[in-house]
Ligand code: PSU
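Here we start with a single chain on its own, the form predicted on its own, put down as structure tokens.
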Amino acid sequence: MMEYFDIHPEIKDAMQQLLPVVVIESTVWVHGLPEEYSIPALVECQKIIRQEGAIPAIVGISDGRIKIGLGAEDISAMIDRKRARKVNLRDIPQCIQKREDGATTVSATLFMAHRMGLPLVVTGGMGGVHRQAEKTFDISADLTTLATTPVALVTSGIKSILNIPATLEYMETAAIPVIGYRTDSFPTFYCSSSNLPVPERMDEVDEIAGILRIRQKIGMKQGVLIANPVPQEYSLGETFLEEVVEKSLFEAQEMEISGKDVTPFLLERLHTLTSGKTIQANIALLKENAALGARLAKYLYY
């Protein structure tokens, strides 16, 4: 397996010494945020993780090599070259074979973390069941991978552009635990709450870590979603956000945008239609998730 992996020396040392490592996907920085916001936010998140006593490990693919421990300069180069493909789980071998650059989504990142024996991944918002999935069968590989990969995922819920109730139903069917961190309401990325309850609320990090340790010891194979809401001051109103999402979805349909091009198009339209409020929320929740992930990682390693 290691024939295709390059591990940064700091990450390798941390793994050998059983120091807490927080794995971070790379798509959010390469494709998810506008270039002028991406690198400053990334540097800040790395700083937060280190301040909390853990080590950040951004993963991605560079020139056909799986990289564990990319730096801000590596992500900046991916952005500048504008050639990094968005890589989900199924795309990993093709990206390696063609010696391409690839920014990993949640599904690919979960896989890489698990193969490295790293128990925790941090992201912004994860994928789920798309609207009108009953017609398109469009369900994110993030969900199917989490259902079969025993890694904890810290996220601010499911992206608001998706079908939230159907996604929660899918996770229940797939036996994926959903834990709300200090919240009774399931967060929806840009919005700190929804009209849907979380199956389980936990207010203390050590309590969540205890659940994860039990699951590991008894051999459960599913991952765990830890839902950490966007800070209230950055949260967008549910009604307003839904109106903007519906408008953006209509535009995507009119322009015949489909497949993996839908999400980046919608996120860009939301940024424009909310006068940048979604970007502010995205950066705020990424910082919150970085801090929570680092605190949780420390409990998992000790």
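In case it trips you up, residue 1 is the first one in the sequence shown, and so on. Computed from a prediction, not measured in an experiment: that's the story for all the values here.
The same protein has a further form, the form predicted together with this ligand, not shown here; the description that follows concerns it.
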Just one of I49, V28, L270, V59 has a heavy atom within 4.5 Å of this ligand in the predicted complex. Which one? V28
Checking L225, V106, C191, L120 against this ligand in the predicted complex, the residue with a non-hydrogen atom inside 4.5 angstroms turns out to be V106
How about S248: is it within 4.5 Å of this ligand in the predicted complex, going by heavy atoms? no
Taking this ligand as it sits in the predicted complex, is T145 near enough to touch it, meaning that at least one heavy atom pair lies within 4.5 angstroms? no
Although this ligand is absent from this view, report whether T263 comes within 4.5 Å of it in the predicted complex, heavy atoms only. yes
Hey, in the predicted complex, is G102 touching this ligand, heavy atoms inside 4.5 Å? no
Just one of 177 to 185, 201 to 209, 228 to 236, 127 to 135 has heavy atoms within 4.5 Å of this ligand in the predicted complex; which? 127 to 135
